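Heads up, the chain below is alone and in the form predicted alone; it's given as structure tokens.
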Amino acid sequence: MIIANNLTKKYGSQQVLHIDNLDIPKGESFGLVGNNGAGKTTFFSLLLDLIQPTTGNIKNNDIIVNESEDWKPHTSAFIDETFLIGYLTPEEYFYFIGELRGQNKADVDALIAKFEDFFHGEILAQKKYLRDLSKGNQKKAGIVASFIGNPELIILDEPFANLDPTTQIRLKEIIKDLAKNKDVTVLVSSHDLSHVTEVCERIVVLNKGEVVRDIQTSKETLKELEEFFAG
């Protein structure tokens, strides 16, 4: 599904990412962890063609992402609030994304109805613009919008940040449900080691832009990660 080859990103003389090879198969629930500045968001930004690689490339379903846009119809992401359109209400935003992804209003309504408990009555029918929602509610709207249109690849950067405990628990259930569908690949980055260990079957650790661990999740994974980051 996703293959990174000889992938580097430099800003001037500073190299912020260097991945010789990384293969993420279709249907995998994949976690990316690392300290601030490790390269997690850089990798996702390269994957989404938001920035250009210095060397190498990333392929999404055999499509080099910075050479063609043919990967976009089957790929969805929520990185941060810049992915939202602040002057729209959540409903308007969901319908806008639905139009882009060939979904009518009934399709969108059917999808978002599944997440009423995730919204806690704070998103829909509030007559508020997205820009006026709390950071946590903006994140909830952006995450659910990334599910519209049956994407094959869903990318979520720090999805648990700014969410209350009840919502974090529900989000873990949502990601686990997505992972059960082997036609859907889910990529999650997180600073929360326990959450990412719980929802991802494979975890890669980035340190100073390089892959230093590639772990198939087991009962020992959380302990292994904690020991690594404890130094």
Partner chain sequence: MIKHFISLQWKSFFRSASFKTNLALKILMAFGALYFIVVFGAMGAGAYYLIEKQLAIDPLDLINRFLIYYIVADLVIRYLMQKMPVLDIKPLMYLPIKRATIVNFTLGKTALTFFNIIHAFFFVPFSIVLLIEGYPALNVILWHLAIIALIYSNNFLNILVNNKDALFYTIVGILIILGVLQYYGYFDITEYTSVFFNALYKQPFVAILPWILLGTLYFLSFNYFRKNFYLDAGLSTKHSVAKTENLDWLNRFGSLGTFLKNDIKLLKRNKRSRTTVLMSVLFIFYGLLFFTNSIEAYNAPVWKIFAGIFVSGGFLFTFGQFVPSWDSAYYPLMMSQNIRYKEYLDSKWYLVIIATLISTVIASFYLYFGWEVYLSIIVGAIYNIGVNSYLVLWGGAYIKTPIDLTSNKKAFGDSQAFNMKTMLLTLPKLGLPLIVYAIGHYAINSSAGFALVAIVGIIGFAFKNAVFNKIERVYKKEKYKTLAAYKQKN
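Since the model is a prediction, treat every value here as computed from it, not as a measurement. Residue numbers count along the first chain shown, from 1.
The protein also exists as the form predicted in complex with its partner chain; that form is not presented, and the subsequent description refers to it.
S.K.: Where does its partner chain sit in the predicted complex: which of 22-30, 199-207, 43-51, 160-168, heavy atoms within 4.5 Å?
M.R.: Going through the listed ranges, the match is 43-51.
S.K.: So in the predicted complex, does any heavy atom of Glu91 sit within 4.5 Å of its partner chain?
M.R.: Looking in the predicted complex, residue contacts with its partner chain include Glu91, since a heavy atom lies within 4.5 Å.
S.K.: Quick one: does Asp117 come within 4.5 Å of its partner chain in the predicted complex, counting heavy atoms only?
M.R.: No, Asp117 is distant from the partner.
S.K.: Give a yes/no on whether Asn35 approaches its partner chain to within 4.5 Å in the predicted complex, heavy atoms considered.
M.R.: Asn35: no contact with its partner chain in the predicted complex.
S.K.: Heavy atoms within 4.5 Å of its partner chain in the predicted complex: does Lys135 have any?
M.R.: Contact check for Lys135: no, nothing within 4.5 Å of its partner chain in the predicted complex.
S.K.: Just one of Val108, Ile143, Ile154, Leu84 has a heavy atom within 4.5 angstroms of its partner chain in the predicted complex, so which one?
M.R.: None of the others qualify; the residue that does is Leu84.
S.K.: Go through Asn66, Ser194, Thr55, Asn181 and name the one with a heavy atom inside 4.5 Å of its partner chain in the predicted complex.
M.R.: That would be Asn66.
S.K.: Going by its partner chain in the predicted complex, which residues of 106-139 come within 4.5 Å of it through any heavy atom?
M.R.: Result: Lys127, Lys128, Tyr129, Arg131, Asp132.
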